[in-house]
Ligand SMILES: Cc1cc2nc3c(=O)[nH]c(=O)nc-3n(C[C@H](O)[C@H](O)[C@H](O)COP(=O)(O)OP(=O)(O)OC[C@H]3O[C@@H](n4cnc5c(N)ncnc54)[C@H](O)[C@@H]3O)c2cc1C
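So this first bit is one chain, no partners, the form predicted alone, shown in structure tokens.
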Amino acid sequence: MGVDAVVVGSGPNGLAAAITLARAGRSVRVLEAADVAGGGARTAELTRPGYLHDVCSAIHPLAAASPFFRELDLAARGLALVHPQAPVAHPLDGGRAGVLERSLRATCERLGRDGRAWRWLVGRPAGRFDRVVPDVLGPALHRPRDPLGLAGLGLRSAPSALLAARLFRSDEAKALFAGSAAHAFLPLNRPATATFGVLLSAAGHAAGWPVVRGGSGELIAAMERLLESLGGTIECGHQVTSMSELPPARAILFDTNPGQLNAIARDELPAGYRRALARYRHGPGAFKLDYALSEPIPWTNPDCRRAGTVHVGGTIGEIAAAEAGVWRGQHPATPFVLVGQQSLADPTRTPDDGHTLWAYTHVPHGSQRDMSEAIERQIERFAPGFRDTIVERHVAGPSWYAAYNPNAVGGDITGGSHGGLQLVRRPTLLHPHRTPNPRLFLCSASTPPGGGVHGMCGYHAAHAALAGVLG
């Protein structure tokens, strides 16, 4: 039986597209190759029975801020976002640390002489966050809702992260900003890398960096329940490799990377557009360790024991050197490590008094090197005795991620490189969610506004379909 729309892939963006269409009264069927829905937002017992680990996405500032999620009452479907005592901490040698508190005032007071600069760079966007974020997460080309706020954000975000960090004098403030900026998977001397530092830091004040109670998979479960209540269906274990394997539908939305769209659609797309898809570049990979711990990490600085996320990499100079090395195809001996301490805020992650830990570092695209020793050495540097707390570990390198989720080409978990024009040309500049075929749409993180669990890529693609073939 035919439907109005088929969505290929059930990550947050695929489900967001399906929900948006179903809320508009269209019949929707979601096809997922894996045995469970979720894409990059699944939860699994990767170490010990009952220990719940977020397989990919784990910390959700963009979910808390997303205009799409704010339209939905996912709490009624079982979703609970829980906040750690502090969103982010960044340890330094000698027991020092930069700490981002939910309170802007408290953060500025902690930063002392750098408080005024932090308030200008991060605090002002945080104060206008609810007005600016719809523009930031909006379509690539649109009329801004808050032109002044967007202009102010652009002023702060256009430089490189290294240039923006010159506003600060202390190692603590510089490192705190650099840790958020390094989420770009880019060298910190690249233009516009300050965008990631400003936006993620501002989100910490305005929306927090929460975790999902019970694991990120519970966000997907809530979305599934909402979609089903609207009449949509999800079929797992259904891999799509060609258009002939799809049921009849007026519109088809792909929560896939551009290469997969190219392979599946083949002759239904013109040669020029297919060449654009083939040119799409993927970025560095991720190497991640999931731990079952006997107790929380014994950070030297006690504030790191309050933070849901800890950026481990030392000074801004060390972080910049590590990220530049990855971009050159190197494996830093002292890598930048992103650490998630979800069980501190969410004790349901373990069945006993133990804890879970999520830690990953950036590596060259397709890397085969085991970075376990380098990651653990970096954490031990700021938390002596960390290794003694390890009960069990699970290792996931780029090849593991590529097998787990075909969107993660070469271990790229962000949906494509943010370098150069591809920051906005994902995979095309004009109408990126549409294809030249009026029935086919792209709704993955390879389209604006890019990676992160916010659902906005799917939301925009669904509206493009509603304005077109489903109108």
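Residue indices: 1-based, along the sequence shown. What you see is a predicted model; the values in this text were computed from it and never measured.
Not on display, but discussed next: the form predicted in complex with this ligand.
Think of it this way: in the predicted complex, this ligand has a heavy atom of just one of Q260, Q378, T195, S367 within 4.5 Å, and the residue is Q260. The partner is absent here, but in the predicted complex a heavy atom of C56, alone among V409, C56, A65, L52, sits within 4.5 Å of this ligand. Heavy atoms within 4.5 Å of this ligand in the predicted complex are found in one stretch of 65 to 73, 26 to 34, 44 to 52, 431 to 439, which is 26 to 34. Using a 4.5 angstroms threshold between heavy atoms, Q422 stays clear of this ligand in the predicted complex. Taking non-hydrogen atoms only, N405 approaches this ligand to within 4.5 angstroms in the predicted complex. Interface membership of T233, defined by any non-hydrogen atom within 4.5 Å of this ligand in the predicted complex, is ruled out.
G40 belongs to the set of residues with a heavy atom inside 4.5 Å of this ligand in the predicted complex.
In the predicted complex, T256, Q260, I264 are the residues of 256 to 279 with at least one heavy atom within 4.5 Å of this ligand, listed from first to last.
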